[in-house]
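The chain below stands alone, shown as structure tokens; this is the form predicted on its own.
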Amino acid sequence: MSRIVMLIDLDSFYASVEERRNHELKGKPIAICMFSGRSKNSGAIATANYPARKLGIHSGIPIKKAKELDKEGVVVFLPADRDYYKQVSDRIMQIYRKYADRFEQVSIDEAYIEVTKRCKGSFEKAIELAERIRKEVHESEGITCTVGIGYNKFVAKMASKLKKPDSVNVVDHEDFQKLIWPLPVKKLHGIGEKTEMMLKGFGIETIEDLAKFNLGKLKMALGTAKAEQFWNHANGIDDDELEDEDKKQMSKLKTLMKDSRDAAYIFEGAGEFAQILQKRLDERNIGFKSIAIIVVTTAFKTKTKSMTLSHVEKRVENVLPEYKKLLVEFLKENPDDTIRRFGLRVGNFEEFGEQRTLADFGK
């Protein structure tokens, strides 16, 4: 029985929610702005709907530049209302959960669901289910979504990008080479501009080129972990399982008052994050063996840097120095990135078998 995974991506989510909230916006170019508060037009575009994208306005560009591209003054620029968007997202995620063997939310507008058992390994039944989910989301929230269906998480992700918006795209075992291999190597999830240029130096232009490239040489150029990940993905290989985020990790992020590369400034809120995470850990009576920093850059790219501890740790505050080291190392390794949001993550949980003591909870 073939494994079947869906990646469901809400189309232009923030803008779509605003259209639903205000029907007068229907059909107009919309850009959702993350204002920094430093000046009237400081900040960046969080997302734009498809009419706005046709004008060259897309996520990550400065608000000032976006307004310059709006030469005819037809774009509606709105401030992001993340609390409201999350309420809508939470309702939609509950719809997905109803149909899932396994569920994993990856962002406010994306989630994986595994439907292998529900669809009995049939891609035809998966297509029917995807259409049913899309219909329910649209009827309940007035929002469209794109569904990628594949035989693992990576293939589902790639399938979701083949045709947008408002569609169902399937890549099964027989279609992977036909549909994915001809794509430019930069389309492989996780490959950025610098890696693309390095791969092109080896004559790797397409995903097929990468799939057929010597893995040993690739490891020498990219390092073992990245080389194996990219090579496996290029060959349609991905063994990652789905699991609810709160079950495998917890995180807390916050938008900085100003974009920065100053480690001391960025880390100022870490103590508060540690307290919030500690409360959630104590409620479940669990410790953790891995930590990570999460950053969102001014280009709205989310990146992480992690480490595995040598022991099960009970107190987040005890590993704040390790978090600080990860941040300093990240800034050194990514000189072109400026940080907009920053947070801490704990994971690799283990339950405590013994009764917790007052000492475990601190003062």
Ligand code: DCP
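Keep in mind the model is a prediction, meaning the values are calculated, not measured. Position 1 is the first residue in the sequence shown; the rest follow in order.
Below, we turn to the form predicted together with 2'-deoxycytidine-5'-triphosphate, even though it does not appear here.
Note on the interface: of 322-330, 42-50, 291-299, 306-314, the segment with non-hydrogen atoms within 4.5 angstroms of 2'-deoxycytidine-5'-triphosphate in the predicted bound form is 42-50. Looking at 2'-deoxycytidine-5'-triphosphate in the predicted bound form, residues K153, P182 and F230 place no heavy atom within 4.5 Å of it. The closest heavy atom approach of E19 to 2'-deoxycytidine-5'-triphosphate in the predicted bound form falls outside 4.5 Å. 2'-deoxycytidine-5'-triphosphate is not drawn, but in the predicted bound form it has a heavy atom within 4.5 Å of F13. For the chain shown alone, S59 is a contact residue for 2'-deoxycytidine-5'-triphosphate in the predicted bound form, at least one non-hydrogen atom being within 4.5 angstroms. In the predicted bound form, at least one heavy atom of D109 sits within 4.5 Å of a heavy atom of 2'-deoxycytidine-5'-triphosphate. Shown without its partner, the chain has K164 as the single residue in segment 156-176 with a non-hydrogen atom within 4.5 angstroms of 2'-deoxycytidine-5'-triphosphate in the predicted bound form.
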